[in-house]
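Taking the form predicted on its own, here's one chain by itself in structure tokens.
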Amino acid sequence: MSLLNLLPHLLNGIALGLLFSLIALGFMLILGLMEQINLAHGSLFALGAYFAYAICGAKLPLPPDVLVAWAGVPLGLRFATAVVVAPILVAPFGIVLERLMRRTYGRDPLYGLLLTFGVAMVLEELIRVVWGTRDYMMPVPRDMSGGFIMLDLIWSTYRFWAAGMAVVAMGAVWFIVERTRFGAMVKAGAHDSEIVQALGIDLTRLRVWVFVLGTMLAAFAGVIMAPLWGIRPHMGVDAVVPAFLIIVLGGVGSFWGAALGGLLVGMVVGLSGAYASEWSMLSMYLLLIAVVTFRARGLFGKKSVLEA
């Protein structure tokens, strides 16, 4: 019975961890190649959620007759459209951010940190200007909402759908990074950018595409997290802090580090929230302290020359 009581919290933690991993992957791609901490990642996450809400809720800036026709489209189709279109709409913001960051490449990382912090503040205020300060709830199709009974327990249907979408997206990222020429160039550029340029690869264009991919991942995560977290202007902060923690926990530049780190954080937050809710957010910081105390480079981080 004790195991049965623990099971829902464990599964909820795994689902949350998969979503955390998805948020962290986009953060990891940009940090791994450019060695820049993108504090605007959370704001891009929030933009994805807001664009998805506008598409699903038929709140688009369209002519009234077109808007009425779109509102009559089944919610399932609108939701599927939001999942695909919202990350595409957020991608240009990532391109602009990458252009702004070019002056910081090769300089003290503090410059990029301050720049992306400023951009994050601007994007958050832009969200407040366009959508206001109130909270929104993103509608989901009937087949994905509600709950179901399994093992005499009630489970959230959408949470499993969200975890499944996260797994698919993570699998796509793994394939791109590990099995394509683009992924090979990204890893090579992160390891030795000078050699990559000497081979005739346009590192500037590569950085743009990495930023686009990272931005779209952040927006996609925002879309599928919106029904769970709700939509509010400062929701990006709730995303970027765990993402940064997961990258450090798993090891900078490691795909499997981000994946496993997200799962660990999700399970720790889920289990601690079930039995000591006041410790739920603090628990992930305690986990980070415990890991880096014994392995400073993270779970899958590369060994430093300073280590014995």
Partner chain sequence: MAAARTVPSFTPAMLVTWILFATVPFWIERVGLYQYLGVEILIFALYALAYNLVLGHAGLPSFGHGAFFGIGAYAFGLAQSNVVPNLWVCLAVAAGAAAIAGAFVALFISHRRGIYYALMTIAFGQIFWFIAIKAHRITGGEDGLLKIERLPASLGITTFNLGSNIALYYFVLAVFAVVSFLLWRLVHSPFGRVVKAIKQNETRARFVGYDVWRYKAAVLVVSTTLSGLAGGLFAMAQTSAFPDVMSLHYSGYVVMMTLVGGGLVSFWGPVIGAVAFFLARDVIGSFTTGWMLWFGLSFVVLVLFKPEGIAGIFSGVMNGRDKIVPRPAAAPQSQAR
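Residue numbers count along the first chain shown, from 1. None of these values were measured; they are calculated from a predicted model.
There is another form of the same protein, the form predicted in complex with the partner chain; it is not shown, and what comes next is about it.
Not one of L11, P141 and F148 places a heavy atom within 4.5 Å of the partner chain in the model of the complex.
Out of the listed residues M267, I37, A58, A274, I37 is the one that sits within 4.5 Å of the partner chain in the model of the complex by at least one heavy atom. Note on contacts: among L115, M165, V177, L206, the single residue with a heavy atom within 4.5 Å of the partner chain in the model of the complex is L115. The partner is not drawn, yet in the model of the complex one stretch among 64 to 72, 256 to 264, 240 to 248, 46 to 54 has residues with heavy atoms inside 4.5 Å of the partner chain: 240 to 248. In the model of the complex, the partner chain stays beyond 4.5 Å of every heavy atom belonging to F182. Looking at L288, you'd find a heavy atom of it within 4.5 angstroms of the partner chain in the model of the complex.
Contact annotation for D135: none of its heavy atoms lies within 4.5 Å of the partner chain in the model of the complex. The partner chain in the model of the complex is approached by P109, whose closest heavy atom lies within 4.5 angstroms of it. Applying a 4.5 Å heavy atom cutoff to the partner chain in the model of the complex picks out E278, W279, M281, L282, Y285, L286, L288 from 273 to 288, in order along the sequence.
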